[in-house]
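Shown below, as structure tokens, is a lone chain in the form predicted on its own; questions about how it binds or moves come after it.
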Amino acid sequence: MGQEDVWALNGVTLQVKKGEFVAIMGHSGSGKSTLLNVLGCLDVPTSGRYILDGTPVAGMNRAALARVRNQKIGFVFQSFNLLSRTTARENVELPMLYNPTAPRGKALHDRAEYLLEHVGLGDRMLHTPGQLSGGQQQRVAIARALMNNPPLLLADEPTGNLDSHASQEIMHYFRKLNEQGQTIVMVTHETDIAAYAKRKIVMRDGKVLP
């Protein structure tokens, strides 16, 4: 900022093992969203190393990072980020459409339909987001995040726009995914939501507290 360096993250050392469910907590400005952006290859760290699924990614160019995001990371956002004029199934199919090695045609539709069935929306496949509740939209977003079978699922305040009942449904589903072996890293400021994770990390002033 001007002549002043601002350390959004400062000396963070973190390891997330395969199959973990980690919640990142902290006040606004603590660095948790920046950390999630680095983990998701949306931000590039100015120094240090980041190894994702055995691959060093910190020095990759934009095209390579885009491939990593598509094939190795699933994103679940607070605001769902669904395309309003397309069906639930079409929204779920999007990540695979950007994956040049992914199947097309019937195999593509079958994968999306399987995931929508898996999140309990088998009867809502042809509905647009405007025809779905907030909890249903987030379940569509989770199915979309899983479309390319990524080793890492990142969730940024996934229950922030949901009521308490829908929040519990989403978190029960996250726990089920984790029990099936899915690695999940989630940012939240809600202690009851963080309680669903197996490990909690608290950040302050860009650092992970001991």
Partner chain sequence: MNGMMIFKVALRALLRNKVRSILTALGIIVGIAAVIAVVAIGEGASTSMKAQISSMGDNMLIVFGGSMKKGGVHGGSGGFQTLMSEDGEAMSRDYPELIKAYTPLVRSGGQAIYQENNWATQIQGVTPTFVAVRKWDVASGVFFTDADLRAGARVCVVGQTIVDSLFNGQDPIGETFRVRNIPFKVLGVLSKKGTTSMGQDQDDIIIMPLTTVKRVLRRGSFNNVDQLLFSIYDMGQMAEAKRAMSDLLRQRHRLGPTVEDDFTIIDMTEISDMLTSVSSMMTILMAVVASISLLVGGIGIMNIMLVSVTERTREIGLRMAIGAAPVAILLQFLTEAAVLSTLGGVLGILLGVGGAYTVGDLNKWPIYVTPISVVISFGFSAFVGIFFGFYPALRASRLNPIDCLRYE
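Values in this document were obtained by computation on a predicted structure and should not be read as measured data. Residue numbers count along the first chain shown, from 1.
Another form exists, predicted in complex with the partner chain; not displayed. Remarks below refer to it.
In the model of the complex, every residue of the candidate spot (42, 83 and 90) has a heavy atom lying within 4.5 Å of the partner chain. Contact between residue 98 and the partner chain in the model of the complex is found at the 4.5 Å heavy atom cutoff. Among residues of the shown chain, residue 165 is not one whose heavy atoms approach the partner chain to within 4.5 Å in the model of the complex. Proximity of residue 32 to the partner chain in the model of the complex: non-hydrogen atoms within 4.5 Å are absent; the residue sits far from the partner. Using a 4.5 angstroms limit between non-hydrogen atoms, residue 51 is distant from the partner chain in the model of the complex.
In short, of 167-175, 180-188, 60-68, 22-30 it is 60-68 that has heavy atoms within 4.5 Å of the partner chain in the model of the complex. If you take 132-146 and check each residue for a heavy atom within 4.5 Å of the partner chain in the model of the complex, you get just 144.
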